[in-house]
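One chain comes next, on its own, written as structure tokens: the form predicted on its own.
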Amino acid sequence: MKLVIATRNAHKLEEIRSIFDFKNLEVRSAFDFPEIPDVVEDGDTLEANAIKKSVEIAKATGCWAMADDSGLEVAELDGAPGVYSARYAGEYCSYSDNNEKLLRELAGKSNRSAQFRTVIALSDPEGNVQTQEGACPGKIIEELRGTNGFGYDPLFVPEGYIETFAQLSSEVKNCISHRARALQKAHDVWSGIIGS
């Protein structure tokens, strides 16, 4: 059976492959289908974007497809940046731009609680789709720390830890992250479908 991971984000693909045991699958990614255009993530929720990506890629490739959308939800900012996490500072912004904007928005704020949340969608080639969700609570610190990871990882300290995601080893992060938790649920629920 073939499963397409609907992403061209190399960091995300590496993280998913390291967490999910795909031993009985031929796993591909959107990198393997350069003729397929990127899916426009225009949904108002993480769920909507994950579903759209998985369904469009499944229909385009004729394979089962798994997609996720993740976001950082900051309590003091009413859940922002949320679904707009990747483009918080603008359409063509960098990770650094996003981190700088987040620090500006939280300047002088005492409530730094936040969570990362991931929704994973699995679609068959006909567009029948299911979702699973995972979250990792924590807090936003006031300065960047660490060089591992990507995105907001240098600013996010998960609950129960003193290190940021960017300071933790990949092995630790991949056990406790929002994506790991969503993938574990997906593995438990979908193992009969995708044979892992």
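Because the structure is a prediction, the values reported are computed rather than measured. We call the rigid core the largest set of C-alpha positions that still match within 1.5 Å between the two forms. The first residue of the sequence shown is number 1, and the count goes up from there.
There is also a form predicted in complex with a small molecule; it is not shown, and the following applies to it.
In the predicted bound form, none of the heavy atoms of A89 sits within 4.5 Å of a heavy atom of the small molecule. Put simply, F33 is far from the small molecule in the predicted bound form: not one heavy atom of it is within 4.5 Å. Within this chain, Q115 is remote from the site of the small molecule in the predicted bound form, having no heavy atom within 4.5 Å. Proximity of G151 to the small molecule in the predicted bound form: non-hydrogen atoms within 4.5 Å are present. Contact with the small molecule in the predicted bound form, defined as any heavy atom within 4.5 Å, is confined among 139-147, 24-32, 63-71, 125-133 to 63-71. If you fit the rigid core between the shown form and the other one, you'll see the Cα of N9 move by 2 angstroms or more.
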